[in-house]
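Next up: just one chain, as structure tokens, the form predicted alone.
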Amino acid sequence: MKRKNEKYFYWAFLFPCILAVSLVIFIPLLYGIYTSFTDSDGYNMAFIGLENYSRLLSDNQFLHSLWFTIRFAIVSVIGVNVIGLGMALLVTQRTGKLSNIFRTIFFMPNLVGGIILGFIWQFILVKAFTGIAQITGISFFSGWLADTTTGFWGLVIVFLWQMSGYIMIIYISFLNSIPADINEAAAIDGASSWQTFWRIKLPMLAPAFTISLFLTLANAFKVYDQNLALTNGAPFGSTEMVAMNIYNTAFFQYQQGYAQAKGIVYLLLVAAISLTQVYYTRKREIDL
């Protein structure tokens, strides 16, 4: 009788979670999949089969946004993990108040909201950089965010500035879990700091790479607020990322069925990339 009651209690506590996940994720996903096969404009809906998906192959703006986002994700993922690992190594070299202060400073950008962060950096890259260009006469600081190249690097800089401190925390936790005896043994054997890092610390950070790469990939592919605040896709949609392209299709062009098709394709692409990354990095953990 006691086991039976425990079973009922188990499902009673689990049911609200299942209901919430169903209402927020599974039901909207299924509805979105159905909508992607219609010509929905938000009010009217008619089934049109695979027409929305076939349109994607000839949608140059969507394909450009997709390629722009992929390039952004590659550069950002590499940059965030290199900078985050570097900062983690820096603050774990010494202990004390100074180390804690630097950890706080490095992590603080992650606490700033994306849209606010975008407007702050828009002011820096446009107003402040223009002032520096006028004072110094250095052309490098003029015209930032005015073309595709500087718009791309502006988005990358903001993403790196915000995410690196967050990823640093993950690397710090794994670096601190490395037994001190191993580092001491390496020092006794005459290993340099670089050899200790390359031969001991880096292999033992394999689980951290799995987590950090997954998080940075997921965040890089779904950037919208910073894209809106910094460039809003300008000039002429050349810095428009996929999230913004889907949003504009749904709520400015009122083609919600077509936007859902874009979203489903994008979901499958990001899921495939993320699962592939997790598979290979986990396999690397086992090999090590």
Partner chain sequence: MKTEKMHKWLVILLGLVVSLAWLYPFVLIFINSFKTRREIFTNTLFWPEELTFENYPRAYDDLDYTRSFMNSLMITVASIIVIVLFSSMAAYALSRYPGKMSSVIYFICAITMLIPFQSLMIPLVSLFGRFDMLNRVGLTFMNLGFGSSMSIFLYFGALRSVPKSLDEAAILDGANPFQIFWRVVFPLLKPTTVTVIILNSIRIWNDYLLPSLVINKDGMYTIPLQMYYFFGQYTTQWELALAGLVLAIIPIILLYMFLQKHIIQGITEGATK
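Numbering follows the first chain given and starts at 1. Here, rigid core means the biggest group of C-alpha atoms that superpose within 1.5 Å across both forms. Just so we're clear, the structure is a prediction, and the values are computed from it rather than from any experiment.
One more form of this protein should be noted, the form predicted together with its partner chain, which is absent from this view; the next part is about it.
Q: Would you check, heavy atoms only and a 4.5 Å threshold, whether Leu66 touches its partner chain in the predicted complex?
A: Output for Leu66 is no: heavy atoms all beyond 4.5 Å of its partner chain.
Q: I'd like to know whether Arg71 contacts its partner chain in the predicted complex, with contact meaning heavy atoms within 4.5 angstroms.
A: Judged by the heavy-atom cut-off of 4.5 Å, Arg71 is well away from its partner chain in the predicted complex.
Q: Quick check on Met108: any heavy atom within 4.5 Å of its partner chain in the predicted complex?
A: Looking in the predicted complex, residue contacts with its partner chain include Met108, since a heavy atom lies within 4.5 Å.
Q: Do Pro28 and its partner chain share at least one heavy atom pair within 4.5 Å in the predicted complex?
A: Taking the distances in the predicted complex, the answer for Pro28 is yes, it comes within 4.5 Å of its partner chain.
Q: Sort through Ser177, Ser139, Thr104, Thr149 and report the residue having a heavy atom within 4.5 Å of its partner chain in the predicted complex.
A: Going through each option in turn, the one that passes is Thr104.
Q: Considering Ile182, Ile78, Ile211, Met204, which brings a non-hydrogen atom within 4.5 Å of its partner chain in the predicted complex?
A: That would be Ile211.
Q: Considering only 158 to 183, what residues come within 4.5 Å of its partner chain in the predicted complex, judged by heavy atoms?
A: If the 4.5 Å heavy-atom criterion is applied to its partner chain in the predicted complex, 158 to 183 yields Leu160, Trp161, Ser164, Tyr166, Ile169, Ile170, Ser173, Phe174.
Q: Relative to the superposed rigid core, does Leu268 relocate between the shown form and the other one - that is, does its Cα move 2 Å or more?
A: Superposed on the core, Leu268 moves its C-alpha less than 2 Å between the shown form and the other one.
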